[in-house]
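Just one chain follows, in the form predicted on its own, and it is written as structure tokens.
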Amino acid sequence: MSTSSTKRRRIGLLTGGGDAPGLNGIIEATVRALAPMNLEIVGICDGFEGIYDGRCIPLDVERVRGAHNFAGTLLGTSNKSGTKGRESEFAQALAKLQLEGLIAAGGDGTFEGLSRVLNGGQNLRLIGVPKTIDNDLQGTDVTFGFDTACAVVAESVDALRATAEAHRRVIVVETMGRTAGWIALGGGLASYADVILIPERPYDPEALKQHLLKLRASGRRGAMVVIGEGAHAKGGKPRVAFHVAGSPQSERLGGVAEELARWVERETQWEARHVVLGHLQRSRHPTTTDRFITAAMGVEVARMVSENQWGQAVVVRDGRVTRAPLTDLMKPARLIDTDHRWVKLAQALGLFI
């Protein structure tokens, strides 16, 4: 029997960009759902870096069993390598892997990088799985990892409220999200934070000051503020903490919680402290909601492979996992409307936003 007749179809699986709770769930669900097809499934290590370097590991059911319970990604990931100016190099490295198709779980940076190769006319058979804790990808109603990130924020605010009230303090909690405020809004709303500041709604410092003074005058011992890392006052702009050389998105936002805490002390004479949750929002084990989403997505990806339906993405719309054009993911960030129902809900609860 010839070698070509016994060679199994070879499918690549990649996780790119920042890690998100649920990536391991995507890996496990996809591999388990593809198992009956007798494919050779190759896990690409460390996102795009693994393609450039040709670093892969074989994936089978035993290797991924139980992975859904853990944050991170057993394949590793990276947000430091792009394809801009390296399109031909990327295409050549990908060709060396001899893949029939590639399943990529990533965010805007991952799909922007892959789109450069697609637009260059390369024969890349791709299925996209949108991923970001920031929940700011177009084309899907929600991204896995977002619910878990909100749970971290809500649980942290609930816990920190005790020490805020014990010491008569304002505690300012900084969340991730870049220029989108979904995590701050979702986590702040779930924990009934007294103040929620998001990038899409630049705040009025005087109105914020009066809100805090009113809380204190009412006898409140402490107050909780949740602020997205890209939030800023009216007339201001997001605070850049540092830059990462070589990254598709080199600017890293941050430092607003400490800045705001010092402002609160100066303007209200209410002692204030700040807490930056940072990567804790990425490192919690996935919530049940995120596990359901990734399980359903992995099964749908397997169906798409079995039906030879490449060039699409698996997304969540109207509460169901479905398919959409890949181009739906390659659009500007999805931001919060100023009159979003969650904003109105926060206002109805008497929260400052």
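Small disclaimer: the values here were computed from a predicted structure and weren't measured. One rule holds for the numbers: they count along the sequence shown, beginning at 1.
Below, we refer to the form predicted in complex with a small molecule, which is not included among the displayed structures.
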{"item": "Contact flag, Q138 vs the small molecule in the model of the complex, heavy atom cut 4.5 Å", "value": "no"}
{"item": "In the model of the complex, A193 touching the small molecule (heavy atom, 4.5 Å)", "value": "no"}
{"item": "Close approach of E229 to the small molecule in the model of the complex, 4.5 Å, heavy atom", "value": "yes"}
{"item": "Contact test in the model of the complex: E174 vs the small molecule, heavy atoms, 4.5 Å", "value": "no"}
{"item": "Proximity to the small molecule in the model of the complex, single hit among R266, K96, H167, R252 (heavy atom within 4.5 Å)", "value": "R252"}
{"item": "H279, K84, K234, R221 - the one with a heavy atom within 4.5 Å of the small molecule in the model of the complex", "value": "H279"}
{"item": "Option from 84-92, 150-158, 205-213, 279-287 whose residues, in the model of the complex, bring a heavy atom within 4.5 Å of the small molecule", "value": "279-287"}
